[in-house]
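Below you will find one chain, with nothing else, as structure tokens; this is the form predicted on its own, and questions on how it binds or moves follow later.
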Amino acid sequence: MIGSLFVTGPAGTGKSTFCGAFKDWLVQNDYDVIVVNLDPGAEYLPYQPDIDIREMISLNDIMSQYSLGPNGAQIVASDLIIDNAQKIKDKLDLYEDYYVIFDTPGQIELFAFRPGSPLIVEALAGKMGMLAFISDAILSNMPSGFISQKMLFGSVFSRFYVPMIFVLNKIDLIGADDVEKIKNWEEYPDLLYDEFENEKGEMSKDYFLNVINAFKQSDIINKVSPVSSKDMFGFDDIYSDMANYFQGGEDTDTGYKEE
């Protein structure tokens, strides 16, 4: 593979829709790309996966074998992905000159906070893996919502410690002025803190200002990437971030291969 992007984030932020739309954008711009579904419990996907973990792991079989309910089976299934990593890797080897998008389980804890997940990223991507954290634009439109998602981003970063992109998804549901406001919060932490104080009043503590400044000073997050998967807006910036990391800024024009 040329490089890979593991897509994670809270449930309902549009991760799978992002994966499908980003693949379509890459194909339209003449890049070779596949999508790998790593969610054994996915009942519906808005794209056709090129590699599908559901062909290797069955939730119904796990529930029957271990006498588990749906939630317990999801946890076991997420842990079984590492046991199937070599099977997935063998399939990936057929796509040497492709970008790979990994769609991770819908519930973030099933990917980001399972013991074997960093091993999965290492086994499937080696040093050619990045993470995209998908945040919700509506929630991020509130200071407390933006801060909470930044803190969750930081916790995911601490688990994997690989390059990460903070994707502000569903910007078609908020106005352009709100998108600019959120970008300014990222650029100027004092603005974010002032608006957080207005939102929470006396509940606000110095702790949150320290958290906000810590992100800024450490460069853990130094950019918000606004995206609309519905309108296919903003994917050029996502690709640019990937190209900068994997190719030192040089595009890889492989030409889309019709299979």
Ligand SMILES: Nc1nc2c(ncn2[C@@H]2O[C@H](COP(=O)(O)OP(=O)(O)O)[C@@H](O)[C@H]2O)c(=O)[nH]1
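For every residue, the number given is its place in the sequence shown, counted from 1. If you're wondering where the values come from, they're calculated on a predicted model, not measured in any experiment.
Keep in mind that the form predicted together with the named molecule is missing from the display, and what follows is about it.
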Among 94-102, 164-172, 147-155, 122-130, which stretch has residues whose heavy atoms lie within 4.5 Å of the named molecule in the model of the complex? 164-172
How about Lys223 - does it come within 4.5 Å of the named molecule in the model of the complex, if we only consider non-hydrogen atoms? no
Using a 4.5 Å heavy atom cut-off, state whether Lys15 contacts the named molecule in the model of the complex. yes
I'd like to check something about Lys230: if you look in the model of the complex, is any of its heavy atoms closer than or equal to 4.5 Å to a heavy atom of the named molecule? yes
Residue by residue through 111-127, which ones have a non-hydrogen atom no more than 4.5 angstroms from the named molecule in the model of the complex? none
